[in-house]
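Starting off, we have a lone chain in the form predicted on its own, written out as structure tokens.
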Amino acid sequence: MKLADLYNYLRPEIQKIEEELERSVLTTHPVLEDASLHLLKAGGKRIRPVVVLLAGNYGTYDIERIKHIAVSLELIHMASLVHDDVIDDAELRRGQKTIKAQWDNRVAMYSGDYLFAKAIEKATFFEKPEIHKVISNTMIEMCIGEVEQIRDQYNWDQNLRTYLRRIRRKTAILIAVSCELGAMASDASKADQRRLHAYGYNLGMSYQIIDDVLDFVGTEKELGKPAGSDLLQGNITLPVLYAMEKDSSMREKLREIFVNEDPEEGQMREVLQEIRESGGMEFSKDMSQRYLKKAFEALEGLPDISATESLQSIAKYIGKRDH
């Protein structure tokens, strides 16, 4: 089963969001438009817009209003991916050439900036200052997360707290506010807004940890990029942290392999296998499940409606996903 199958009944609303996304990136400048559409056409799970729609069911649901929040948050996500690919010097995204690879770094950076600007523009549909404050604070936190990731590249002495703080800013916060703002835009109660934020945060943490596991065990076809890409780019994720904690010689081995930030293919293959066999995969999956448990707990106070069932189904899927 695919993730989209869990909310198939939302297909008409999701189609509206897809159309609105496409309209949002249209511009008189051909390069910006082509680059933005290139990423948009590559697809994606659209988790953020979907949870916006589901959260909107806890208030007065109106697709013509709530779609503006859904599009704004997905544009923020897209913009962050474009900038990520420049920082990581990535050639592939979702199995397609990145904007950076298709054009160049300069076009990619300005395309990302353009998408951020369009996201802010879409949010102006709402006159609620609190919505704009949440979006602004989220963008600030995401930028801090990106800078921290750059700072911590090839830093083999970082710890679990550093990692968790980084993935909170890079991934969890945007999913959390997608849930929160979907509820806020539909005038759901403050209590439900808090519950949905907690659900989204814990779902996002679990999602990113599983992503970091899949980077070691997934295939290039499944991931849309080569396995081990995070480590190759100097991004130290939970499985690596566990492997270094379990065996101190692993830390020194990684220092030696990445002394020039360009390890030999054979060395890389060997160290990836050692990390897979260290127990780090199991430890990471267990931590992901702990966050998922908290996500389920956050849903307990919500009304017994189809949206709650869908949010539960999404969490279950994420806990079992293999790509």
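Quick caveat: nothing in here was measured; it's all calculated off a predicted structure. All residue numbers are counted from 1 along the displayed sequence.
A second form of this protein, the form predicted in complex with a small molecule, is not displayed here; the remarks below concern that form.
Practice task
Have a look at Q193, N202, S186, S80 for me and say which one sits with a heavy atom within 4.5 Å of the small molecule in the predicted complex.
Solution key: Here the answer is residue option S80.
Practice task
Consider the chain as shown here, without its partner, and state which of I76, L238, I210, M244 has a heavy atom within 4.5 Å of the small molecule in the predicted complex.
Solution key: Contact check passes for I76.
Practice task
Report the stretch among 156-164, 81-89, 124-132, 245-253 that approaches the small molecule in the predicted complex to within 4.5 Å, counting heavy atoms only.
Solution key: That would be 81-89.
Practice task
State yes or no: in the predicted complex, is some non-hydrogen atom of E146 no more than 4.5 angstroms from a non-hydrogen atom of the small molecule?
Solution key: Output for E146 is yes: heavy atoms within 4.5 Å of the small molecule.
Problem - is_contact(L231, the small molecule) in the predicted complex, heavy atom dist at most 4.5 Å - result: No, L231 is distant from the partner.
Exercise for the section: Classify F116 as contacting or not contacting the small molecule in the predicted complex by the rule of any non-hydrogen atom within 4.5 angstroms, answering yes or no. Expected result: Looking in the predicted complex, residue contacts with the small molecule include F116, since a heavy atom lies within 4.5 Å.
Problem - 4.5 Å heavy atom contact, M142 and the small molecule in the predicted complex - result: Yes - in the predicted complex, heavy atoms of M142 and the small molecule come within 4.5 Å of each other.
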